[in-house]
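Two forms of a single protein chain come next, each set out by itself as structure tokens; they are called structure 1 and structure 2.
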Structure 1
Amino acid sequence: MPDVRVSGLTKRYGEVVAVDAIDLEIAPGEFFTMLGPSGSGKTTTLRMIAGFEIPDEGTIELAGEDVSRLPPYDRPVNTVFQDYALFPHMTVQQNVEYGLMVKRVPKGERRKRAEEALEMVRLAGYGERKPSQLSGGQRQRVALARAIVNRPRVLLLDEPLGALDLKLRQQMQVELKSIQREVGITFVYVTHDQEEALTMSDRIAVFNQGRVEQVGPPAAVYEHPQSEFIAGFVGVSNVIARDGRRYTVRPEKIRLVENGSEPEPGWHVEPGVVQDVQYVGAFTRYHVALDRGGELQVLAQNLAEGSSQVLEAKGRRLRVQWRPEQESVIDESEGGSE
């Protein structure tokens, strides 16, 4: 039985359909990410699961129980927000114990469970500090400890790393996934950051305009996007039209080949000219104008080349090639290369 099942879930605000009849199932212990741009419906869906919004249509089940009309405090979930929402006048220990105190858990057990939760989030020994004495990453971990100390069936996380700088956010991604494995709680995670979703998730649901366009493991969503929107939103992809169909192929799957060399048997080959070159340290991004029209982006690792060598490629005639199995069909309609 899934920990979370939503069926036909719909939410309207006046004439705007924020969430449009979506269906999702999230397995016990899964790290499930709802990914999409601002306004795509992912946060509204999370808020309906939490009980902060009531759906206009559809049902929400948690571990088989219909909770669609239950208030937040009667649902086996906790929510972690981007702004931490810690009480500044309380110590870290008191913040973590707060939910247990509201539930009238005895003082000795409260203390023990709070200390265990702080240990889980790598903050053992920080209990007497105030939130103002902590870094952003530490405050986020206190918020996480406060949520898991209640032992919820499902933990909902609404862009929890959004306020952190890039390096700390990347560090916290690794830590958060590690903590989730340790505690074994189902995580439902909302983000607009594609790299974050690919790094942390067991499965991803990609939201667009209130609908779920694709659900699957990170590699499947990235390698085989089912729509042009997903191809462009989850990373960068080239869209190619051929034989009445439209395909995507990722820039790192394409190879640049000098004219005159033998093409690889079975590979798809296109001649073109390098229009622009962008040196990005570890790799270079090439923009290749194809002879038959359209442009492709190609990513190549700089294994031996320096910036001066790769920049000399601008204006050069060459071929691009890729294996047919690295293409993904996104629809059957006619159209030009992009």
Structure 2
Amino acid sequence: MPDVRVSGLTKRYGEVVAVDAIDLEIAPGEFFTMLGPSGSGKTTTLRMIAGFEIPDEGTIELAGEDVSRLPPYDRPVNTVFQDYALFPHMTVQQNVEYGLMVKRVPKGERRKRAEEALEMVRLAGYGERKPSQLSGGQRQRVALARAIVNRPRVLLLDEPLGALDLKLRQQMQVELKSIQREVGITFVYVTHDQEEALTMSDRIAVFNQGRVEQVGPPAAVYEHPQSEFIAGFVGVSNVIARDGRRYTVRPEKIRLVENGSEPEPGWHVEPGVVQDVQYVGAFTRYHVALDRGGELQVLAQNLAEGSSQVLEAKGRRLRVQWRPEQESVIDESEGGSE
């Protein structure tokens, strides 16, 4: 039985359809990410699972029980908010104990469990501080401890790392993932950062305009995007139209070869001109205009080349090639010819 099952979920704000008949199934213990740009409906979906918004249509089941109409305090889920929403007048310890306190867990047990939770997020000894005395990263950990101390069936995380700087964010990504493995709670994670989604998730649901366009493991979503939107949002959109098909190829799957060289048997080969070259340190990004129409981005690792060598490629005629199985056909309904 899935931990979370969402069927036909719809939410409208006046004329705007924020969430449009979404179906999702999330397995127990899964790290499930809802990825999409702002306004795509991912946060509204999360808020409906939490109980902050009531759906206009559809149902939400948690562990088989329909909770669609239950208030937040009667649902076996907890939320980590984007701005943490720590109670400013309480100490860290009181914040973490809050969920247990309102459920009348005895004081001794409450204290012990809160201390364990703080230890898990590496904040042991910070219990007596006020949230205002903590750094952003520490507040984030308190918010996490405050949620997992209740041992919820499902933990909802609403862009929890959004307010942190890059380095801290990457560190917290690793930590979140290891905490999730340790506690075994199902995580439903909302983010607009595709890299974050690809690194952390077991499965990703890509949201666009209130709909789910694709659900699958990171590699499937990245390497075989099912729509032009996903090709562009998760990575770079390399869409070309050939012989009535529209498809995309990931830039690092494409090879650049000299004009005279022997083509690999079975590979798709096309001539083109290098329009632009960007040296990015570990790799180089080439923009190649194809003779048969369309432009592709190509990434190549700088294995032996230096910046002066790669920059010389600008304006050169050459060939691009890739294996046909790297092509991902995009839904025909997405558009006709270019």
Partner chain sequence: MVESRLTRLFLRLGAGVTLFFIYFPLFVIALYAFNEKVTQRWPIEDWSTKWFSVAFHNESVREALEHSVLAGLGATAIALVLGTLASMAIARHRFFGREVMTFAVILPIALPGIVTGLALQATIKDVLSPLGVKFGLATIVIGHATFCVVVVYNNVLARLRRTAGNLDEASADLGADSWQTFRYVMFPQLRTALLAGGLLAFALSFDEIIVTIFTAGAIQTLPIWMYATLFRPTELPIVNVVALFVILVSVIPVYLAQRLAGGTGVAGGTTQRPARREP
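The first residue in the sequence of structure 1 is number 1, and each one after it adds one. Please read these numbers as outputs of a predicted model, since none were measured by experiment. The term rigid core refers to the most C-alpha atoms you can superpose between the two forms while keeping them within 1.5 Å.
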Between structures 1 and 2, the form predicted together with its partner chain is number 2
C-alpha of Leu166: shift of 2 angstroms or more between structure 1 and structure 2, rigid core aligned? no
Rigid core fitted, then: does Glu264 show a CA shift of 2 angstroms or greater between structure 1 and structure 2? no
Taking 2 Å as the cut-off, check whether the CA of Phe81 shifts that much or more between structure 1 and structure 2 after a rigid core fit. no
Hey, core superposed, how many Å does Pro131 shift at the CA between structure 1 and structure 2? 2.7
